[in-house]
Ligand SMILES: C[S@@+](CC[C@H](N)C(=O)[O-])C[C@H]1O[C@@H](n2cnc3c(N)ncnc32)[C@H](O)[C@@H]1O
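Take a look at this single chain, the form predicted on its own, given in structure tokens.
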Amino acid sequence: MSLYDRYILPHLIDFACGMGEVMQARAQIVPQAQGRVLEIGIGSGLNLAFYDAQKVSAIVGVDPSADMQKLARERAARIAIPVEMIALELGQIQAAAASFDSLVCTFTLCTIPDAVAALKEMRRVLKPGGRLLFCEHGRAPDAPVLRWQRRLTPYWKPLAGGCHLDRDIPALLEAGGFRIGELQTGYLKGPKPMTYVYRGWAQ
């Protein structure tokens, strides 16, 4: 791991993913979680303040970045819900099948190398009838923007922790075995190649 990846990137991601409209998008999804929750890519814990303590009994977070987890633990100490971090080893979530009532995945699928395999693993640990709550940026519907996404992604990925700008989020969810129940889309404020967002839930 480079010095940039270890010391600079976690703080850049925390800043960029904690900006106004991004946080508003999180606030529309995360409070829907209930029961025992698994958050995929908990990162620096930016979602933690949005969980409803009346509905959520525990939060389990997975993230490959130990440096990001330090920030998450600091935020976890400020809320009334128990938060635990578990390992993610060789792409496998270290948890039993059908052990979570809700999954939360926000601004994470863009960076996972094999997103379909990851989604299949998420499906394994989700209880029957449970929901995957997602808010992800990805492939824009406008051809000029999509062309820029494809041009920029090879240069953007090393700077942004492996982030792909042009992933087709609904297609990935379906390939991972999920059925989308609700989907809202649109641009947030900012450069269009980075700000087309898919938000909703899937089972």
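Numbers for residues come from their place in the sequence shown, where the first is 1. Quick caveat: nothing in here was measured; it's all calculated off a predicted structure.
Beyond what is shown, the protein has a form predicted in complex with the ligand; the following relates to that form.
At least one heavy atom of Cys17 is located within 4.5 Å of the ligand in the predicted complex.
When contacts are judged by a 4.5 Å heavy atom cut-off, Val125 does not count as touching the ligand in the predicted complex. The ligand is not drawn, but in the predicted complex it has a heavy atom within 4.5 Å of Gly41. Contact check for Leu172: every heavy atom lies farther than 4.5 Å from the ligand in the predicted complex.
The single contact residue among Val56, Val60, Leu46, Val145, judged by any heavy atom lying within 4.5 Å of the ligand in the predicted complex, is Leu46. Pro64 is the sole member of Gly177, Pro158, Pro64, Pro31 with a non-hydrogen atom lying within 4.5 angstroms of the ligand in the predicted complex. Here the chain stands alone, but in the predicted complex its contact with the ligand, taken as any heavy atom within 4.5 Å, falls in 107-115 among 126-134, 107-115, 76-84, 94-102.
Using a 4.5 angstroms heavy atom cutoff to the ligand in the predicted complex, none of Ala140, Glu182 and Met194 count as contacting.
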